[in-house]
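As structure tokens, one chain now follows by itself in the form predicted on its own.
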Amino acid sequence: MSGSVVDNTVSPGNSSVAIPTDISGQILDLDEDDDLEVFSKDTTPTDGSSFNASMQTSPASMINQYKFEEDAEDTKDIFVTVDNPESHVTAIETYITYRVVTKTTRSEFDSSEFEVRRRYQDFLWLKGRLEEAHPTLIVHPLPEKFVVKGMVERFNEDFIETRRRALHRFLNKIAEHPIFSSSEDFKIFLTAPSGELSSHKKQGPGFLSRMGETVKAVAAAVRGVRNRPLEFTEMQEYVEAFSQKISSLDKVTQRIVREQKEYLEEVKESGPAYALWSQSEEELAEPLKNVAGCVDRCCKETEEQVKNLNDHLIPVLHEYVLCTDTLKAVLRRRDNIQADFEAKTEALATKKADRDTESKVLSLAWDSLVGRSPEEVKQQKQQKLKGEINEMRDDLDKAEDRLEWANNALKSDWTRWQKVMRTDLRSAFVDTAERNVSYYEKCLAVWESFLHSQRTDAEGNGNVDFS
């Protein structure tokens, strides 16, 4: 049973959806409508400062929790398919929902198969919850926001199919992840009726809480990290280099597709020209007709080749362009956690210095004027400082545990991500190479058949030397 079942047809109004045409160079940002989002860069403002209190927080439990087995056999036991988009029109909005079908053998599920309908905002909620619970694990990107220029309908079939494929890949990446696939939020997303999911979505942090966490993240970013471990600096450098390379390859590939489509339109015009010419050249009529037929056959193969690039190579490259934004966000969240630890360390050192200093003469003098013993006041102040120091030390210990958890999680998931990335890209490159070979072999066969027919005719006439 395959974990990546893709239904390439959708049937709103019982009409078949065509495979999406190339949309490179035709993109506009559309921030005001979440339901017109088709490939989202990190849309959830998660900064790593929110921490799930139900998580294990001891360093030993964290290390065990995020120890991934790289060489483990494929034991995937949850399979998700996204298909059958439907348009919904209400008095205030128009949106698309997708059918999400889940098949599983896991014991924590009440059944072996579930079917629910989800809209794009629900996918955003899931992504945000996963990032909130696991700030230094790598969540596969969602499709980003764009709308095709000149689109007559807000939700044309190509647009919907492009998004459906991306959402299908997103859920299957989550299902293949050793931590995310066991998340309670993922289970709720796959199984809960729409009303129940809405109540779960309302249980998240409120707006003021999210704003507070965002302010903390900005403050941490301003402070910066003074002693980032070398391995995370190397990760950052790798991501920057990878981002430049994959972005360049993505742009070049999209440009190649555009130029091939332009070339195809030019070639399509040459076929009828040869056919028309054959009507006025009796002696060349047969070879001209044959050339026209060869051009038409090669046009069909070129159309298939362009579609293959557009459907199989470009989506993989573009998703890993988006992955670089996700990786940068993960590294920032790790840095924020370390910056918080460093700030708490400094604050504790400052508080200890205050406890040890004796420069409180003015305060003590004032207290003596109101009838309190200076020694008594001093002891009370020292007792208060001791309590504050103990509280700060506890906070620092928690911050240290949290930093160790974040580091271990990122190191383990980084290794897993690199393995998956290399497998995905290698597979895409091999598939492209095989399709290229097939394309050129078919075109070669077309023109070889033309040459063979011309040799045969010439040998029959005995007036042409092909040596």
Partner chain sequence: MADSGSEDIAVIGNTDLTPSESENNLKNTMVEKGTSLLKKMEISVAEAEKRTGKNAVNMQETYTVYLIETRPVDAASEGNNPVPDSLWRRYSEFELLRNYLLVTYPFVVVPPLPEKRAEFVWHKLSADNMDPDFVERRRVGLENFLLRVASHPALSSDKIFYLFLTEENGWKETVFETGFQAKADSRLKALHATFRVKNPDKRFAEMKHYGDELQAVISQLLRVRARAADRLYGVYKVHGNYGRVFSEWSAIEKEMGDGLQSAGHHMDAYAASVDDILEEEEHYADQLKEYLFYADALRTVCRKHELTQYELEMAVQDLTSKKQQREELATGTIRTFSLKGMTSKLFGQETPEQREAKLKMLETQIEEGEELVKERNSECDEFVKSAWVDIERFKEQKDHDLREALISYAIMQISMCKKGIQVWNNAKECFNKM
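Residue numbers count along the first chain shown, from 1. Not measured: the values here are computed from a predicted model.
Not pictured, yet referred to below: the form predicted together with the partner chain.
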Q: Work out which of 114, 95, 109, 277 lies within 4.5 Å of the partner chain in the predicted bound form, going by heavy atoms.
A: 277
Q) the partner chain isn't shown here, but in the predicted bound form which of 101, 284, 192, 396 has a heavy atom within 4.5 Å of it? A) 284
(Q) Is residue 260 near the partner chain? Define near as a heavy atom within 4.5 Å, in the predicted bound form. (A) yes
Q: Would you please decide whether residue 81 lies within 4.5 angstroms of the partner chain in the predicted bound form, comparing each non-hydrogen atom pair?
A: no
Q | Partner contact for residue 408 in the predicted bound form: the partner chain, 4.5 angstroms, heavy atom | A | no
Q.
I'd like to know whether residue 136 contacts the partner chain in the predicted bound form, with contact meaning heavy atoms within 4.5 angstroms.
A. no
Q: Report whether all of 269, 443 and 447 sit within 4.5 Å of the partner chain in the predicted bound form, measuring from non-hydrogen atoms.
A: yes
Q: Tell me, please, which stretch of 85 to 93, 382 to 390, 163 to 171, 260 to 268 lies within 4.5 angstroms of the partner chain in the predicted bound form when heavy atoms are compared?
A: 260 to 268
Q. Are there residues in 424 to 442 with a heavy atom within 4.5 Å of the partner chain in the predicted bound form, and which are they, in order?
A. 425, 426, 429, 430, 433, 434, 436, 437, 440, 441
